[in-house]
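Below, in structure tokens: the form predicted on its own, a single chain.
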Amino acid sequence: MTPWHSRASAAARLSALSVVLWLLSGLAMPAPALQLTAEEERRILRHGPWPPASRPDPSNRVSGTPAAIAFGRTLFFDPRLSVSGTISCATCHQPDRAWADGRTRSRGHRTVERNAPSLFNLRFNRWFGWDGAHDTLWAQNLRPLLDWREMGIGPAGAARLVRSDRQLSCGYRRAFGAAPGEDDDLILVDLAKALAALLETLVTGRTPFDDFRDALARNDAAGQARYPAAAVRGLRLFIGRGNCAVCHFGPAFTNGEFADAGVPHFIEAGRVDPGRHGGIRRLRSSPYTLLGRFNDDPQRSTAAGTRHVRLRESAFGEFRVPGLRNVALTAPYMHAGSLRTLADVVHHYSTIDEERLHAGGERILRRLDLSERERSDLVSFLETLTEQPRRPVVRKPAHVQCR
């Protein structure tokens, strides 16, 4: 038999070994969830809930109506709305490419100066287009129909097509309650309004960030724990030292305004994209605004911004701040697609040359000098802004007999 003191010594050694193993196991345990400050929680909660409430556009009498949405879907995929009969809205805004085209600069009949932005969440915008040259979604839809480099069919061509084609004429009548009349400009605007009714339905779904944000709102620790630690760290950078939320603010992750992002805006040697400055000039000279005859709201209840917009030199080279929902799906980035990946975007802001920014106006951007891990964390957060699960892609409508 083993002497009692030997058994005691062995027990002591076993006990000591257990303590060591317990301590080592503690080192291998997952780190506890990052503790957010009260101010960080307040800032995070301001990015929801999603989706926000919405209402029909008072400037568009068919906004939200099923017949107009159906007619808009038909128009969106119809290449006959281009002067060549070969370019449709879906050429540059492809459903399976997050309603963009993946190009740095988009191409209709010719290559244009800018990247085709995604069509997600447009109904929440105040200004439309990279330069804000349009104050309604339907007015923005007119631009490719009028620009010969894109679709270029123009009022006379569009009106002639709708009047002569039985299906389109019937779709028009169902959407607007009357057959297409003699006013070519009015018919073109009505087509743009039907397209707007369709685009208003393209609202992104919920994301992992929304689940985390709502769990935070109801103090649900288990729900918060499901959000990746790297994404939490990236989110803290986004709302904190990175200062990203100054421009990418609220549930749609945009303040809806314009900024100098520090990217080149030369189109080619000797030619510069004026951005918002040029957009304001076009807005003020356009007949298709909230102040014009095509606004269906007699009260002009949404026209204050258009009425008071002023041309300012500091707007030169500024572009619309895009919303970040589904941002992982919408590469390349910036107004001319100059940054290929989210990692490139984060690197750009981490190493930005402040000398490229405007000398006048607000100076929001600062070089961030992020570490490699911080850049990775910020990308991890941005990737959680993509809806899960993805919804089915809208396809070209089947031919429907119209009477």
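Not measured: the values here are computed from a predicted model. Start at 1 with the first residue shown and count on from there.
Here the subject shifts to the form predicted in complex with heme C (HEC), a form of this protein not shown in this document.
Checklist entry - Though only this chain appears here, would W50 touch heme C (HEC) in the model of the complex if you measure heavy atom gaps against 4.5 Å? => result Outside the cut-off, so no.
Checklist entry - Hey, in the model of the complex, does D190 get a heavy atom within 4.5 angstroms of heme C (HEC)? => result No, D190 stays farther than 4.5 Å from heme C (HEC) in the model of the complex.
Item to check | Heavy atom of G275 within 4.5 Å of heme C (HEC) in the model of the complex | outcome: Because no heavy atom of G275 falls inside 4.5 Å of heme C (HEC) in the model of the complex, the answer is no.
Checklist entry - Can P117 be called a contact residue for heme C (HEC) in the model of the complex at 4.5 Å between heavy atoms? => result Result yes; P117 sits at the interface with heme C (HEC) in the model of the complex.
Checklist entry - Of the listed stretches (129-137, 179-187, 218-226, 303-311), which one has a non-hydrogen atom within 4.5 Å of heme C (HEC) in the model of the complex? => result Every other range fails; the passing one is 129-137.
Checklist entry - Among the candidate residues F124, F316, F294, F76, which is the single one with a non-hydrogen atom no more than 4.5 Å from heme C (HEC) in the model of the complex? => result The residue in contact is F76.
Next on the checklist: So heme C (HEC) isn't shown here. In the model of the complex, which residue out of A67, M334, I44, L36 has a non-hydrogen atom within 4.5 Å of it?
Outcome noted: For this set of options, the contacting one is M334.
Item to check | Residues in 200-218 close to heme C (HEC) in the model of the complex, defined by a heavy atom within 4.5 Å, in order | outcome: Counting only heavy atoms within 4.5 Å of heme C (HEC) in the model of the complex, no residue of 200-218 makes contact.
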